[in-house]
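A single chain comes next, written as structure tokens; it is the form predicted alone.
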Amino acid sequence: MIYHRPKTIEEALSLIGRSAWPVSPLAGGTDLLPRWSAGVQDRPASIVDLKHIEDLKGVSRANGDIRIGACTSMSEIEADPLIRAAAPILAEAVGRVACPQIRNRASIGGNLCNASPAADSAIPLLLLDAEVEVATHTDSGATIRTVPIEEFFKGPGATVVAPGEIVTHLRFKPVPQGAFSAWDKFGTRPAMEIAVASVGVAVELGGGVISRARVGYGSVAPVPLRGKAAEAELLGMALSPEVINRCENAAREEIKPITDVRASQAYRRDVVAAMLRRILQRAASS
């Protein structure tokens, strides 16, 4: 196995683009390394380690947006003062990924590119209307395209990132002052196991009614799913018990859970409904 340690995005893309052998970009490696060791996924002939590229690390402001480098670790995001002020829901979610040892190593870009329907960072980013910056190599250097997070996932383990491309950054606008947002996940041992289901809600109120609504679900569809039917029940409405009931029923209908070793389809529907109801009740009383 050939190991590369590029120092710039352009160098990494050049290595990935010109390689005649199977090549894998590597960030934290918390998903890839266990798969290679277990033989679940073939080891590549070449690894391009992205962790030493400074431009892929850290949190910053850019034209009013929050910008996160794809190789920034979960622990760094959880503790970052910009994230805690501008997107506390993201800080909370990444702070509940696995265990401290994993969070110190795992990157947010890797968590998204792994494309698990249960990815803990994905639901808060859906609520934040985040955008993913994807870079590809051209003769004139790196070219960046921007993909809305809702369009990023194509199925379990599949994203819009093509061979020869890498995710470089995430961008989103800070949560407005006074807005409500919350996220939760459920599992028998959620700190170390994949969640049975997760739910997130972000709402803004004006004149006593909801002027903006975002709902997201994890582990209950082939991709992290935005709850557009539930959102439709919330927009323009006050958070009454009747509205919450309608939103809960819409959620039951629009999710697409499966039955597996962790939970049945019916149980996942009940879990999502219960978590959504509790979050909306919190929003109503906030």
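Worth saying up front: this structure is predicted, and the values here are computed from it rather than measured. All residue numbers refer to positions in the sequence shown, first residue = 1.
The protein also exists as the form predicted in complex with a small molecule; that form is not presented, and the subsequent description refers to it.
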May I ask you to choose, among 128, 118, 203, 89, the residue with a heavy atom within 4.5 Å of the small molecule in the model of the complex?
-> 118
Among the candidate residues 84, 96, 212, 171, which is the single one with a non-hydrogen atom no more than 4.5 Å from the small molecule in the model of the complex?
-> 96
Residue 28: heavy atom within 4.5 Å of the small molecule in the model of the complex?
-> yes
Heavy atoms within 4.5 Å of the small molecule in the model of the complex: does residue 230 have any?
-> no
Flag residue 74 as yes or no: does it have a non-hydrogen atom within 4.5 angstroms of any non-hydrogen atom of the small molecule in the model of the complex?
-> yes
Would residue 165 show up as a contact with the small molecule in the model of the complex if we use heavy atoms at 4.5 Å?
-> yes
Which of 204 to 212, 136 to 144, 119 to 127, 76 to 84 lies within 4.5 Å of the small molecule in the model of the complex, heavy atoms considered? The stretch 119 to 127
